[in-house]
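We begin with a single chain expressed as structure tokens, specifically the form predicted alone.
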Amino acid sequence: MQSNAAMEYDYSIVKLYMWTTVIFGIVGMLVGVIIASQLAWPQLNYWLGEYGTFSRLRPIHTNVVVYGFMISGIFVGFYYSAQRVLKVSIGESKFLMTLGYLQFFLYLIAASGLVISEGMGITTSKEYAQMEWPLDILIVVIWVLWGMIMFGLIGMRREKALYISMWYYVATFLGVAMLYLFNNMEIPTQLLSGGLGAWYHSVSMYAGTNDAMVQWWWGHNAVAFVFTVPIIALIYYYLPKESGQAVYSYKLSLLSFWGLMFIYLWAGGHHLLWSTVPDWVQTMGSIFSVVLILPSWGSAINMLLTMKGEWNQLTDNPLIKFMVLASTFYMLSTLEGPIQAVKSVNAIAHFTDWIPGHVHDGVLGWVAFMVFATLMHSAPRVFKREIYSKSLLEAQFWIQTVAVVLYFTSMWIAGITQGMMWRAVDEYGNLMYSFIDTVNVLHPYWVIRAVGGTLYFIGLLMFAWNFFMTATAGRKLETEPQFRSPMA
């Protein structure tokens, strides 16, 4: 423990995003538990009429977790770590502080509008891009404000070199800006229908196959630039700071960075295998997806090797556990995705439960674990209090680890079973199973998924309580911890 000038950094915006991370996490994952239960017990679809059906709740779950919980957690990491690696406080600029508050409150408006509109069934129906044009415009404004703040801080910096985390934040800003703008080019239907239709509804400027290709250029790169690139920025900052270890290889971090930038953008075509898009697009998507293993594993291995000689920290520091296992889940997810992108494997995997199994071992094991670690490492420095309960963190870690394993293993088995049953034919070439046959076989695995989701949500509630108590009742710190986070 030592005195540190970093105590003078301005954390007012960090605190706002911390609370939205917790709130959106609870809302988004509670809805996830509900829809997982609806698949296992279909009668739950009727509990709130049309507003409680799977089709209404599923987009809310996806978007609140991705654009509420994840993005809030990323903003926590950015507003906290960027000041430190750039050696500048956002509070030094009233202009940037004003932009920061404006960005946050517009973000709250957009998030609320997203939940309300999707709950009412107002959606573009495009995966990860369901928001209609008024909200899209608001999202663009929010993103531009973030870019202005980011480059404003970089312009004010006292540290000449840009730490690797800043490279990933800049890439996140530029990548999402480009992809979001192109995919969400849309026209209000009233302009095309002589005044008919709702003012808030729109249609894509692209049609048919072109629309599908642009959508999955965005869709998969939402995974790249929301699920991956900024989360790597978080772990490159938080793992060394929590462990007291220097990043294993700065050169490897840069090689992995440029590899991700050049390769990820071309992998989206693997979502359209066996479809009407040109064969060369499908093949390119498969090839780039397989090559993507190299930069992805480069980042993960770099993080694991950062702990070289310090693996003993895993035994008594739950934050290290979260981050090391997050890197491990990242390796698993980025191996599984390329395997699914191979055409022969995809012929079995496409449209099956194996796909959400793959997505969730990344989201729950990689992204969420890093968000938890980000908030809990930052909390003692932001609130100047000890983490309320180490034992609660340990229990959360093990409960959620079991939950993730239950989730993705049940979905692996269910998905491969689905794919094989859908393809099975008798000696006359007729399908051997009806769709309902498959549903009946998969029911036990859907129950296991619902159980896993419930356990994960219980862990989330433990995290929320621990965070709340840390912020309000944790033992006060006189000096800021340099590395390991103090916890009761």
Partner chain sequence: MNAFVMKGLAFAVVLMIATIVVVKQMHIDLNDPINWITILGALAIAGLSFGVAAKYMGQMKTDTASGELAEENWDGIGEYKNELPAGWAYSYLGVMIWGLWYFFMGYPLNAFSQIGQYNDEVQAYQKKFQEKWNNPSESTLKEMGESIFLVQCAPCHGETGDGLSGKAEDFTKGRTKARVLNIIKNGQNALGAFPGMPPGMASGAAAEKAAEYVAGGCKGKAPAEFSVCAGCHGKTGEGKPNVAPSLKGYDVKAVLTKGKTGSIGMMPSFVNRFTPVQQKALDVYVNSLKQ
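Owing to the predicted nature of the structure, the values given are computational and were not obtained by experimental measurement. Numbering follows the first chain given and starts at 1.
Another form exists, predicted together with the partner chain; not displayed. Remarks below refer to it.
Contact annotation: residue 332 falls within 4.5 Å of the partner chain in the model of the complex, judged by heavy atom distances. Although the partner is absent here, residue 384 sits far enough away that none of its heavy atoms falls within 4.5 Å of the partner chain in the model of the complex. Not displayed here, the partner chain is approached by residue 84 to within 4.5 Å at the level of heavy atoms in the model of the complex. In the model of the complex, the partner chain sits within 4.5 Å of a heavy atom of residue 409.
For the marked spot (161, 245 and 279), a heavy atom within 4.5 Å of the partner chain in the model of the complex is present in each of the three residues. Among the residues 95, 250, 398, 105, the one placing a heavy atom within 4.5 Å of the partner chain in the model of the complex is 250. Between the options 259, 152, 219, 113, the residue in contact with the partner chain in the model of the complex by a heavy atom within 4.5 angstroms is 259. Only one of 135 to 143, 388 to 396, 269 to 277, 95 to 103 places residue heavy atoms within 4.5 angstroms of the partner chain in the model of the complex, namely 269 to 277. Residues from 339 to 358 that approach the partner chain in the model of the complex with a non-hydrogen atom closer than or equal to 4.5 Å are 339, 343, 344, 345, 347, 348, 354, in the order they occur in the chain.
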